[in-house]
Each structure stands twice: as structure tokens, then as C-alpha cells.
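Only one chain comes next, encoded as C-alpha cells, the form predicted alone.
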């Protein structure tokens, strides 16, 4: 904590000592959530100060985004630098160097080709995606050719997905084996060296009739595969490991008759999947396809969006724990009232395979200049599946935010 504070002070001091105009904005937020099925027990008591500072001089710009989170449960103040990077502008290309969030793709609420920035899933997928994405140390190069952009991202150090801590309401023990575990290895870490770095490329085109992206990457799967080694004494040895995950992908959006049609897909090579057979090292390598088709329209003044998402494991074997096909739909409806100061939103995920869902109604009201009040709920439906596993975590929440 002391080191973080010292680094923060040095960075901010360096900006102001430059004797230049610093632009800053951000928000202060109080977030309170209560579980409806546990006598209104609080699940979230959080105060956040999210501060964004911009400094520019000539063809160079600096951006710093410190975040201060105070958790009332344990009186813990968590200080992080969500992003801190430098932009250097040239005539036909730009460079961005430092800790940054990189957003690719066209999907809403789903990660398909948008996997360059790792994720913080310590609160499942409930926070804003801006807060779920983790800034990663990267060098990003953008070259502009008319309406097209060629982008290259080099990530020298690996950052895995942040998963819920044991004791959290979002923690689920996936290692539910019918036989005893004799030994559990510490998480395997990817070494910080050049040969272990990640590389991604994207070509994007933004035209009057269609825009699209083509991408490829040679990176690490941010989620470890759980390797199982049977022992002579009828126990198992567990060892999570990270593996390389090459992929290619594409996305597009196009206006069609007043609506927007979107699509996105990725083909992953040699993704690891857990198998049911514990008599062998129960991890299997399979190619895997993840794709989406979406439709956005304005009906009677309401913004409506629908997405169909499917995951498909090629060369499927019956003992793989995942289904061969996993299908999910999303539905969003949003309408504004009172001169766009009152907003109603209803968003839901529905898992077709397990008939489970996450339903997220929300009302927000901008009651004064810069002030926003939000009342919402997260309702989990089902007995199993990605959403049904959290059936006891239904919650209502309020957020009061001041933007400056």
C-alpha cells in the first residue's frame, strides 16, 4: 500500500511540476447493495473516487487514471492505477505506451474478440465493463490509411483474470471431485521474458455503409486449465496451468433499414477443456468457435437490442465437461424521459442450455448538474449454469454518483 501511494504521489507531482495545464475529470460514487434472500444483508458497501488526468504538450500526451476504493466491510482503502500511458502522435501513426485498456469488437456485455485486456471478475460481470477490464502493460501502434486503421499491440508481461476470492459470494469451487485431492499446486505463473510476451494485430475499416474489424493474436489464455494427475493411493494431484491461445477473429456492423446489424466471431486454436475422466490428465485440446449476431433498433422511441451468442467445441468428445454447443441470448430495452434526465433500462442474459438467466432492471435520474441517482436489481434465475449457480445472490442496489 505504501509503495502504491508513493508511486501515485510521484506521478501526480511530475505532472504538476511540468507547469502545464492539466485537464481532469472523473466521478465520486457511493454504491450500496443488499441481498434479497438473506434478510437484506449487505453485499456491497463501497465508496469510489475515479480520477482521470490529461496533460498534453505538442505531439505528446499523458493520461493517468488513479482509482481509490474504500470498502466499508473491512475498512480497506484500495489504491490502483487503472491506466497510465503516454501517447505520441505522428503524421500517419500514433504510439501508446503504458498501462492501458484495449477494447476490440462489437459485442455488448460479452467478450469474444475483446480479450486483449484481462478481466476482473471478482464481482462476476456486474460492474461496468470499464471497471471489469484490467489495464495491461502494452505498446500499441496505430497506422492510419484513409478510413482504415492497422493496429499492433505488444504485451510484454502477462496478467491473468482476477477471480473471486474464497469467502466471496461470487466464489465457486470448481474442483468438486468425487475422490480426495492429495496436493494442490500453487498457480503456475508465466515468466516475465520476451519469449512469453503476447502479440495482437487488427485491421479496421470505418465506412459510410459498413464498418468491420479483422484480428489475430498469439496470447495466453487468461484462465488456467486445471490439470489432474491420478496418484497410486487413489487420490489426485491438481495443477492449474496457463496455456497459449492463438486465435483469429472478425466483427462488423451495418445499417439496414433503420436498424443496425452486428456480428462478431473468433476461432480459438487448442483451447483446453476439462474432462470428466479422472483416471487420466483430464484436459483436452480442442479448437473452439465463439460468435455473436446482434440487432439494434429504435422502436417507438425506445432503443432495443438483441444478441444471440454461441460457443462451439470442434471435434467434441462426450466426456468433456462443457457442452458441445452453448447458446446465450441478451435483450436490452432503454428509454429516456423528462428531457433525457430519467433513464429506464432492462437488460437480461438468458442461457439456453441450462435455462438460467441474469435480469438487470435499472432506473437512473440526473437530479442535479453532475449528480446521478441509480436504483437497480440483479436477479439470478435457475439452478445451474453460468447464471443459475448464483441463484442465492439476488440483490438490489443504489448508486449515487457525482461527475466532475
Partner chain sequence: MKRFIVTIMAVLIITATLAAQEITGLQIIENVYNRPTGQDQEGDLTMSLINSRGDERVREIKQFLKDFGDMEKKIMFFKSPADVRNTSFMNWSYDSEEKDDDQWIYLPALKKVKRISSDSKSDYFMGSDFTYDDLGDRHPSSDTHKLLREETIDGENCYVVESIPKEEEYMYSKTITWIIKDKWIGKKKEFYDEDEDLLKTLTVKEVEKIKDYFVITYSEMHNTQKDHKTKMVLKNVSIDSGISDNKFTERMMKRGM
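A quick note: this is a predicted structure, and the numbers were derived from the prediction, not measured. Numbering follows the first chain given and starts at 1.
Beyond what is shown, the protein has a form predicted in complex with its partner chain; the following relates to that form.
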Report yes if all three of 25, 297 and 370 come within 4.5 Å of its partner chain in the predicted complex by some heavy atom, otherwise no. yes
For the interface check, one of 266-274, 220-228, 199-207, 282-290 should have non-hydrogen atoms within 4.5 Å of its partner chain in the predicted complex; which one? 199-207
The unique member of 242, 85, 158, 111 whose heavy atoms fall within 4.5 Å of its partner chain in the predicted complex: 85
In the predicted complex, the one of 47, 36, 341, 355 near its partner chain [non-hydrogen atom within 4.5 angstroms]: 341
Contact flag, residue 260 vs its partner chain in the predicted complex, heavy atom cut 4.5 Å: yes
Indicate whether residue 162 is a 4.5 Å heavy atom neighbour of its partner chain in the predicted complex. no
Contact test in the predicted complex: residue 92 vs its partner chain, heavy atoms, 4.5 Å: yes
Heavy atoms within 4.5 Å of its partner chain in the predicted complex: does residue 216 have any? no
With its partner chain taken in the predicted complex, which residues across 96-120 come within 4.5 angstroms through any non-hydrogen atom? 96, 101, 103, 105, 106, 107, 108
